[in-house]
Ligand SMILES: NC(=O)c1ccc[n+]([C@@H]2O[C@H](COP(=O)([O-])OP(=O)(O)OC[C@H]3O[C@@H](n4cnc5c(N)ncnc54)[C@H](O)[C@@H]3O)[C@@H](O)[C@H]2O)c1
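First, one chain by itself: the form predicted on its own, in structure tokens.
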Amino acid sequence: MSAEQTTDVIVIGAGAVGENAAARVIQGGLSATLVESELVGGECSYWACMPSKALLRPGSALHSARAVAGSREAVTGTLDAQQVLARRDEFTSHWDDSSQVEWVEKTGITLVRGRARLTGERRVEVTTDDGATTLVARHAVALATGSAPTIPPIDGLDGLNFWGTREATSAKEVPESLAVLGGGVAGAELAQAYARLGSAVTLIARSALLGSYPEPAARLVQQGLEHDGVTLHLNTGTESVAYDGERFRVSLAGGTVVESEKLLVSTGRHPALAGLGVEELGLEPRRLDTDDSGQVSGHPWLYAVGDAAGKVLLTHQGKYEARMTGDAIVARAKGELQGPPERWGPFAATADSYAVPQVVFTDPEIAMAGRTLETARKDGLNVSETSLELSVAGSSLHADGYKGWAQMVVDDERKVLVGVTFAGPDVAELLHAATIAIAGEVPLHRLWHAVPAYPTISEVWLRLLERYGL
């Protein structure tokens, strides 16, 4: 590499978010350089979304077959753990990013491998084992560096060779036993995945399971974990962790000790901004202040998108932000955008605040869009909730003894949906209809005319609207 290279836009981080931001810049007629120190494709492709769902899906498929008379009798075995892991490897391309690199190059993006650091306005130093080079951006630098695990300050944990989510999703063998610290989405999903693969799993959480989701929905997931043999210690603190060379010993408040072959620590994530030089710019590395286009306050040439922005730590939402950010950078470079972007316009990630869809891929699933009753009230809205058991003809046909729950949160002044939650087997496919209704602010009287097909699980929409009073 030469000592200095100039491009229109520099994007640091070549995960799904960075790829999308750079691609939108290219589509807008500017040049873009993508900097990556690890695998092109990022966390979601190799250690998060794709491998975790690949680990979960075989267990869900087997459970679904057992939930219907006729197919239940045809099921004679259990999961083949090695085949599950092999299929997982296919979805991660065996941790080979050559196909992703090929896509980047075909798109017209310049790829630079190395560790990036901001050294001044629109200047980035990239370091490799062979030395360093400086990249200079004519217009903007976008941080798309993702997030990093947050490790709790538990006595004895520091320095131990425990699993993070990366190690759990890329493991080559199923441990005989696994202790999971953390009752969030990743903890719940991976606990169930490994339990169904044959591991004796214990999940420990200092609060409730999936505490950011409505309690009836989380309770169904808890029942699902317990049905799969997961031992739960909820609302329980962890006092210390030790490792004797063969097994972990997790000491809980109250005196209980959990022993396991492997320990997974899944206690949250934070923006991965350490070592990027943001402190030298007078910025707080734990959280950047950005507008809806991703532009960093006080630094109009600097942007943050995806997990790095710290708003919504979900891949699909990060890609959405990246599309807005890439287009906003192009528009500002061409003088077509002055000042802050218009709400719900082409350069503003407004849905981050109003219509975020998210799925917990346990069995049963939770699918939620928008706000819960509590968050809506905290935002000052006059809302009510309508909820019921998800019990319609379609659910009865889908599985014998189907158990589910549904809720809609309504802004009673405007008569529009601001939140919807479904819990039950295979409810994720119901979610996009809810997301559209919330993002589009479809009035309930008009939603009444969106007739659900019979007999499908979507008939729950009709039951919710009827209970609300339409």
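Keep in mind it's a predicted model, so treat the numbers as computed, not measured. Residue positions are given as counts along the sequence shown, with the first one as 1.
Separately, the form predicted together with the named molecule exists; it is not shown, and the next lines address it.
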With the partner left out here, check for me: in the predicted complex, does some heavy atom of residue 387 sit within 4.5 Å of the named molecule?
no
Query raised in the report: Can residue 107 be called a contact residue for the named molecule in the predicted complex at 4.5 Å between heavy atoms?
Result: no
(request) Evaluate residue 268 for contact with the named molecule in the predicted complex, applying a 4.5 angstroms cut-off between non-hydrogen atoms, and reply yes or no. (result) yes
In the predicted complex, does residue 171 come within 4.5 Å of the named molecule, counting heavy atoms only? no
Partner contact check in the predicted complex: of 306-314, 171-179, 87-95, 128-136, the stretch with a heavy atom within 4.5 Å of the named molecule is 306-314
The one residue among 375, 353, 207, 382 placing a heavy atom within 4.5 Å of the named molecule in the predicted complex is 207
Partner-free chain; cross-checking the named molecule in the predicted complex, the single residue of 301, 320, 361, 162 with a heavy atom within 4.5 Å is 361
When the named molecule is considered in the predicted complex, the residues of 53-88 having a heavy atom within 4.5 Å of it are 53
